[in-house]
Ligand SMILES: Cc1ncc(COP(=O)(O)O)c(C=O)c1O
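Okay, here we've got a single chain as structure tokens, the form predicted alone, with questions on binding and movement later.
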Amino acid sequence: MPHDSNPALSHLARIGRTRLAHTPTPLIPAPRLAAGISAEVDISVKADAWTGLGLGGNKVRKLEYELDPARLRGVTHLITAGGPHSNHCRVTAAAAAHLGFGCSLVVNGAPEDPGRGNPRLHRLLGARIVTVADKVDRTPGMEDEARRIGAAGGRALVVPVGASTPRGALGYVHSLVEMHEQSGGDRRPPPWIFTSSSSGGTMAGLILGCAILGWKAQLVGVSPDEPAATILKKAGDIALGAARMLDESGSGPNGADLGLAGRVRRATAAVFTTDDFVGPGYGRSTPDGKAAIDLFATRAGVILDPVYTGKAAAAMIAWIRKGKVPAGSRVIFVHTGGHPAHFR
């Protein structure tokens, strides 16, 4: 079915979106990278590190939907939360600056040096930094900050951590549709698609996109932190929530049932996830991750990061070399950004 006649994509077009990303991002062939892995595969990189706003990355696509123009009416500030090196906080601060809002970032823990990496960029973009002790303190911290802004006469929109919500996941339906078109669509065998997956929103959008298009791409989510079963559960739940949003965007008082829920469940069941590449923990580099970063840099001119994409690339390389990805396959590596981590 052509994309312009797909009912679910027609429903998606009805949902409010503030354009922030430079899209479509390119799908870059990487033949020297493939040769360096010593496998008979065709590798391309989906360059979502190049979405533009605030040094880009996957969070820009998600924020386009979180910042639906209807949700921004009367808003004076954006609030979100993350760790002190959060890419999501960086992009949210950039969106606030671009749109003319104040911004507060609730971060758990202080950075080693606030003058480096993402902490430096958070401040450069004009965000107010509120430091809390632990992850569990972030939500109360955002609520306190919203009350402070309200008491001063403003109005805050709270953006959930990572923008990994059903609404935010809709941004990654677009990325999946782009990959489908850029890689030859249904005229060629479906590819393997590797991506880092933590809070679940990016993977959820890819799952929903595959369900919408009926594309049998083999999705592989690589965890940088949590157990594989946890990241798959989160992504599946978010994808189902996003499918419900598309149903509810149809005409009529009850919307139009697109029958997406069953397709999303089947697509989720087909996803592979792995936590074999976490190493010593979140944000801590691994030897395999460092080797993958070096290989991508020297053989593709692509800069990965040690927190997310380096570990995802390590998984892709290992799976290809061990034959988990069959010879002759096409592979797409989704580059979700994060290179400021090199400057921590």
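The numbering used is simple: start at 1 and walk along the sequence shown. Just so it is clear, the model here is predicted, and its values are computed rather than measured.
Form predicted in complex with the ligand: not shown, discussed below.
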*Indicate whether the ligand has at least one heavy atom within 4.5 Å of a heavy atom of residue 198 in the predicted bound form.*
yes
*Counting only non-hydrogen atoms and a 4.5 angstroms cut-off, does residue 62 reach the ligand in the predicted bound form?*
yes
*Using 4.5 Å between non-hydrogen atoms, is residue 164 touching the ligand in the predicted bound form?*
yes
*Contact between residue 80 and the ligand in the predicted bound form at 4.5 Å, heavy atoms?*
no
*Choose from 53 to 61, 294 to 302, 39 to 47, 314 to 322 the stretch whose residues reach within 4.5 Å of the ligand in the predicted bound form, heavy atoms counted.*
53 to 61
_With the partner left out here, which residues of 213 to 244 have a non-hydrogen atom within 4.5 Å of the ligand in the predicted bound form?_
none
